[in-house]
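As a starting point, one isolated chain is supplied in structure tokens, in the form predicted alone.
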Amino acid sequence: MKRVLVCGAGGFIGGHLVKKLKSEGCWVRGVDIKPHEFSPSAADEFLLLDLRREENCRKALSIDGGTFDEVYQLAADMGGMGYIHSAECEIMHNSMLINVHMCHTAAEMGVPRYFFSSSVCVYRDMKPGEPEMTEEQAIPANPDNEYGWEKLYSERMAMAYERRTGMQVRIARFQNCYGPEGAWCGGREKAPAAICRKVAEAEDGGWIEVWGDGTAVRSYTYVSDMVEGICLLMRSDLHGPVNIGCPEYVTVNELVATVAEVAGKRIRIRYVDGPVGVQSRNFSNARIYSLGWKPKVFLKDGIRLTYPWIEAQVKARLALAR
């Protein structure tokens, strides 16, 4: 039985990844600084550890009878655009400590295959309609935020350890990921979850607030497609960063319209000042496509799967407040 470690197993993508790996017959240890907020972990073993500390990385990686066959490093201090812009120091400090210690310790302990979750935030701002950007075009670097700079450095560090030690490293640059059992309030939620929450809270014909003017362009990848891409990449021979994302690009206004349609509500938008981020992102997925991966869930179907879950969370919170 393959033995697998998932760091960040208490988070959104990490929690879904654990379920995927268990469905494949793996023995899984999950590690995080907190338990999963919305469901019990599916891992065979779950350890509460602060991976900013080197000794805790060693505890996470220690297992009777040798080493883990695969290590998936998804642990990070991160959130939606509001958090990324308000917590620059925390993101760089906490995530860098995790990645420095985990990558070094995994290589030192002889882990054969190591996955690092990066982000398309490593890329520069783009204008709508620009040609697709390949992974190599992240250099020369000009990320829009400090989260992107931290991810880019951690990519380079992981690749350096691969060259020096032979540990096989696989790197995925995630586009915006959404689905049930993710952050939906409190400031760390991504745009699809935030819009679903706002629409769920609004009356039919009511107003919701949107940062900026609604014209920013994004792509959103459903969580089951993301974890499928992660697993395919990990078992592949693709070295270097690989974009994983859905090629369906929409404006924030179109995202709102999709959520409103799924909810069966008429929604009006009030535009307010706030951290919007880049104007647009448009990336080549040719490398992940070469493994046979293609997204199966596009935005409207993904929102149909996500909105009812978030609506239920909103109703439960309102019921508790009464």
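Position 1 is the first residue in the sequence shown; the rest follow in order. Since the model is a prediction, treat every value here as computed from it, not as a measurement.
Although not depicted, the form predicted together with a small molecule is the subject of the following passage.
Looking at Q175, you'd find a heavy atom of it within 4.5 angstroms of the small molecule in the predicted bound form. The closest heavy atom approach of L299 to the small molecule in the predicted bound form falls outside 4.5 Å. In the predicted bound form, at least one heavy atom of Y147 sits within 4.5 Å of the small molecule. When the small molecule is considered in the predicted bound form, D69 lies well away from it, no heavy atom lying within 4.5 Å. Three-residue candidate spot E135, R170 and L232; no residue lies within 4.5 angstroms of the small molecule in the predicted bound form by any non-hydrogen atom. Just one of V262, L51, I288, A43 comes within 4.5 Å of the small molecule in the predicted bound form, counting any heavy atom, and that one is L51. Though the small molecule is absent from this view, in the predicted bound form it lies within 4.5 Å of a heavy atom of just one residue from A193, V122, V242, M78, which is M78. Residues with any non-hydrogen atom within 4.5 angstroms of the small molecule in the predicted bound form fall in just one of 275-283, 288-296, 29-37, 61-69: 29-37.
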